[in-house]
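First, one chain by itself: the form predicted alone, in structure tokens.
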């Protein structure tokens, strides 16, 4: 069975939460329970993730009866890469590219794969940094529109 380089569940939840807020941008604050339900995120994890994202300046909270969360800036100005880096750290395909030292890598300084890992890292960054949450919202709307079947005769 092949090993994968998964993005943590926490990062996936963070991206999905920001995506949901991007979908609702301009409609006021969104309650945690609405985000959790729409994106199938356990509410207790979501509360922690949103507080973490708030600390990073990605979301804002609104108190009161109509309170909840909203994006701190336009969805078109926020990339998936920013959120992943904030939650995960550097976007590297292998651990040895992040803070490698002689003690942590037996091939340190003479790795024949270093240029490969560097190219893969740049490709990951290009995809994640080149994708805004606004683009994801638009893409989802287009895909939903394509799925609508016209039964008129």
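Computed from a prediction, not measured in an experiment: that's the story for all the values here. Numbering follows the first chain given and starts at 1.
Keep in mind that the form predicted in complex with the DNA is missing from the display, and what follows is about it.
Think of it this way: in the predicted bound form, the DNA has a heavy atom of just one of 26, 89, 112, 64 within 4.5 Å, and the residue is 64.
When the DNA is considered in the predicted bound form, residue 54 lines it closely, a heavy atom lying within 4.5 Å. Proximity of residue 125 to the DNA in the predicted bound form falls outside the 4.5 Å heavy atom cutoff. Within this chain, residue 84 is remote from the site of the DNA in the predicted bound form, having no heavy atom within 4.5 Å. Taking the partner from the other structure, the DNA in the predicted bound form has a heavy atom within 4.5 Å of a heavy atom of residue 47. Contacts between 69-91 and the DNA, taken as any heavy atom within 4.5 Å in the predicted bound form, involve only 69.
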